[in-house]
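Let's start with one chain on its own, the form predicted alone, as structure tokens.
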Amino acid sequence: MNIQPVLLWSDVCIWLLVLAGIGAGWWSRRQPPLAAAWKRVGQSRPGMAAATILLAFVLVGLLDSLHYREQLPGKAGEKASYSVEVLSALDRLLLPLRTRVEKTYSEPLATRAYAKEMMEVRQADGSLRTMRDYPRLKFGGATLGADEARVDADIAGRAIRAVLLAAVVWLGLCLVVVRRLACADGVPLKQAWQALWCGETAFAWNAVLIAFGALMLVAALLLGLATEYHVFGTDKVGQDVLYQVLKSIRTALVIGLVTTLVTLPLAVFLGIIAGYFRGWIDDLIQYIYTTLNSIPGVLLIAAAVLMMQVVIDTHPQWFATAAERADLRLLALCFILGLTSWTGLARLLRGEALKLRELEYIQAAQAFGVSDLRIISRHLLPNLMHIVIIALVMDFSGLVLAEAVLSYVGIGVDPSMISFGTMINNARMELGREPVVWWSLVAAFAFMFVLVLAANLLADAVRDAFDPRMA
């Protein structure tokens, strides 16, 4: 299939962050203090289990950041034209979930719709009778045909096969890891197996394997059941809820990660120079972040988002597709969140810089005529990196939750963009109908809970490893 690659601004930010992470990892290996700290992170079982889960979320987000437009059918010799719908590699993998759209709501793993409709049912004598009943879903349990009584047995069979497949793959991966550990340490396989599960390895392989096994189990169950059923049900327009929560992961990662591109330079630069130079520079920077802190954050974000929306609405010629329009609003939200959340880290770095500048080695460097820029880059910044890393990792979960709250009140991402916040916002009306539609809210909450919990556990491990007071 001929496609036209599409590069959104948020895609550029995400892949730049990936490259920056790879570069930071390579640089950290060459810095003994940072390498030792990351080694302590690798020894943390909760931290490594959380990192494994986060890696799965990141992979989903990266797949959803490879965008393209499909070529429309046309006559030979004509110039190629492309669809206005922007898809991603994740959309391609989830094509059955994206295209199997029902008429309206349906419960998880259901074969019939959630609301009754007037239907014509053929009687035994061949006559048609009009009655009110739950209509059969078009795709949910379609292979069962009219034999809906087998639905429980079919679900159980698919689940058992998925669990067995996940167990076989997981055991194979365990054997590969054990074999590598045995070869590296020069010990028998049995001894390496015992050392792995007793937590006697330098890296927390047991936590990684347990977390990976749990991920494989969930993924196998979803894959085994989603090919035939709507695992998390469908929404008002009949779209699969599992597809929606998987698409929401990228939005959460963009909010949590891209915002650091704004937060990090402002906080590090202004915080360090305020503490190092003091005087009128310190007073000016304090005045700036004190003024920002005095403005209610929600009001500032709402005003900025609404102004950006006016700009977007008055310049429709800037956007070739609706995805580009929604992407600009997403990036605008990231910048606004970054501009309102850098003050805490800047204040913390200022206090540490004030303390470090009075130490003997800083004063000695000043006495020998070393430039201020060199002192900041060679002495202050390396000794403040642990604070920067801890703050950024711990702020990630707060930013993810902030998007959900902002979208809930209507000032978050574009309504056409799928996110946890828009799903929760749409669930407000669903919870007020009778019967209650609960599965959209539960699915969004469950995935967001796992993402935020994993981020918090990793943040705790990073804090314990990088904070000198915890050593």
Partner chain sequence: MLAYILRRLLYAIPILIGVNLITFALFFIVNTPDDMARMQLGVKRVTPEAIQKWKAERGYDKPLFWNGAAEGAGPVTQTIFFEKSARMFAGDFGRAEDGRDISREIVARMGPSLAIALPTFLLGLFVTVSFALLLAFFRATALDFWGVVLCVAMMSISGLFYIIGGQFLFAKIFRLVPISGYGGGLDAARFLILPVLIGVIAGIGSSTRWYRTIFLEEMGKDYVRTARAKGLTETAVMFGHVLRNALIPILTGVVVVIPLLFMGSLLTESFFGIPGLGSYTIDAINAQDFAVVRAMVFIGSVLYIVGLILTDISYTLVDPRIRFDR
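Positions refer to the first chain, counted from 1. On a predicted model such as this, the values are computed, not experimentally measured, just so you know.
Below, we turn to the form predicted together with the partner chain, even though it does not appear here.
Judged against the partner chain in the model of the complex with a 4.5 angstroms heavy atom cut-off, the residues A146, A166 and V231 are out of contact without exception. Stretch-level contact analysis of 149-157, 358-366, 88-96, 286-294 against the partner chain in the model of the complex, using heavy atoms and a 4.5 Å limit, identifies 286-294.
Though the partner chain is absent from this view, in the model of the complex it lies within 4.5 Å of a heavy atom of just one residue from A303, L223, I281, V176, which is A303. Residue V310 is the only one of L381, A202, V310, V218 with a heavy atom lying within 4.5 Å of the partner chain in the model of the complex.
Using a 4.5 angstroms limit between non-hydrogen atoms, R347 touches the partner chain in the model of the complex. Not displayed here, the partner chain is approached by A404 to within 4.5 Å at the level of heavy atoms in the model of the complex.
Taking non-hydrogen atoms only, V462 never approaches the partner chain to within 4.5 angstroms in the model of the complex. With a 4.5 Å cutoff on heavy atoms, L431 counts as touching the partner chain in the model of the complex. Scanning 437-460 for heavy atoms within 4.5 Å of the partner chain in the model of the complex gives L441, F445, M448, F449, V452, L453, N456, L457, D460 in sequence order.
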